Ligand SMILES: Nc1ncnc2c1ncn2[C@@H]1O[C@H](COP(=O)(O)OP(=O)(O)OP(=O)(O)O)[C@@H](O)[C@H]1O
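Single chain ahead, by itself, as structure tokens, in the form predicted on its own.
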Amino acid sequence: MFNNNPFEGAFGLDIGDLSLKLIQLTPASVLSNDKRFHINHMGSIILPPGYIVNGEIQQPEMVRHKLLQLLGKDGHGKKISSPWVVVDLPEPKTFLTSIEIDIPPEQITREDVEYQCQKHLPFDLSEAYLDWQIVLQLEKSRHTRVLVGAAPKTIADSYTYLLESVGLQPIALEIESLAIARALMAKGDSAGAILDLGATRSSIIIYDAGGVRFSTTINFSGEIINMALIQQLKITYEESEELKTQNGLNYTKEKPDYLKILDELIDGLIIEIKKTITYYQDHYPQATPIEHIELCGGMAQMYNLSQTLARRLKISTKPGSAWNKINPATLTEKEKSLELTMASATGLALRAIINPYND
């Protein structure tokens, strides 16, 4: 598989507001019965607040310096020698949905897709990069459902310039939700949702019939929780992080108002999830009921979170398996614990090693 890939050593790079994460994979031995990939290299580096804000690079030279560190090009740590990289574009700055076009699949053209996209895109088509693929249909139809992804040229170009400035060659720029879904989805999965709960932003990804249908950003994140705790409990940022880590969604007598504050925020999260699922069921032809929710991101393993969501949504909810295509045998326990925070980087790395151009 890897030998057919012209981009030797290609890896995945997840660029977030507060971190850069990297995963490089290698295939299993041809003699091995276990065909899962191995992690050749995995790394991450923290970005101070303000370097990247809502997906926009505000301090390019500072981000460049951190990226050089992560790549081992500053003289420290393991050096990544391959220039080939697959990178994600930030969810809040991109657009992903599926649209129905009244033309049979075998007759559809790019011009047809672009014409229909003008009715759906939140930005001018001339100012965006557009990609699309026909969604697999269960039965022959005179209509075609197309999955459309778009990103503003200013955002995509700024990421490309950053990568080229450190000697990297991007072979694909991918919408973040597609990378996450690639890591978590398993063949034959029934209709479901992925809830990506990050430090500065979160999103819901809906998939059905073997593919992603759409995604949306939601108003919930680790930083929103921190700010609520800091303001209402009059504590420091470090104390808020410690409270979340130690208690999750459990009561603590040392801070009796802690759980009440989190419950109010979880109420808002549940409203967002229900609204998204209802929108999908109402607006997408042949939509099937969402049967399960998988969590990923830094907050996915918060104590009692998956149980609370499952009980209140009445949908099976649990932390996802971002490494179901990865053999973790050579990883340390600390490295294994990073699985759900590395979901996007994993999905990007899978595309880099399997099929960089189209997946």
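Residue positions are given as counts along the sequence shown, with the first one as 1. Everything numeric here is computed off the predicted structure, so don't read it as measured data.
This next part talks about the form predicted in complex with the ligand, which is not shown.
Inset, instruction - Could you check which residue among 321, 40, 308, 301 gets a heavy atom within 4.5 Å of the ligand in the model of the complex? - result: Only one listed residue qualifies here, and that residue is 301.
Inset, instruction - Work out which of 149, 192, 222, 83 lies within 4.5 Å of the ligand in the model of the complex, going by heavy atoms. - result: The option sitting close enough to the partner is 222.
Inset, instruction - Choose one stretch from 61 to 69, 24 to 32, 326 to 334, 291 to 299: the one whose residues place a heavy atom within 4.5 angstroms of the ligand in the model of the complex. - result: After filtering at 4.5 Å, what remains is 291 to 299.
Legend entry - Partner proximity in the model of the complex: residue 339 to the ligand, non-hydrogen atom cutoff 4.5 Å: Result no; residue 339 lies far from the ligand in the model of the complex.
Inset, instruction - Please run the contact check for residue 241 against the ligand in the model of the complex: heavy atoms, 4.5 angstroms, yes or no? - result: Yes, contact at 4.5 Å.
Legend entry - the ligand contact in the model of the complex: residue 201, any heavy atom under 4.5 Å: Yes, contact at 4.5 Å.
Inset, instruction - Could you confirm whether residue 231 comes within 4.5 Å of the ligand in the model of the complex, counting heavy atoms only? - result: Residue-level check for residue 231: no, no contact with the ligand.
Inset, instruction - Quick one: name the residues from 72 to 89 with any non-hydrogen atom within 4.5 angstroms of the ligand in the model of the complex. - result: The stretch 72 to 89, when checked against the ligand in the model of the complex, contributes no residue at the 4.5 Å heavy-atom cut-off.
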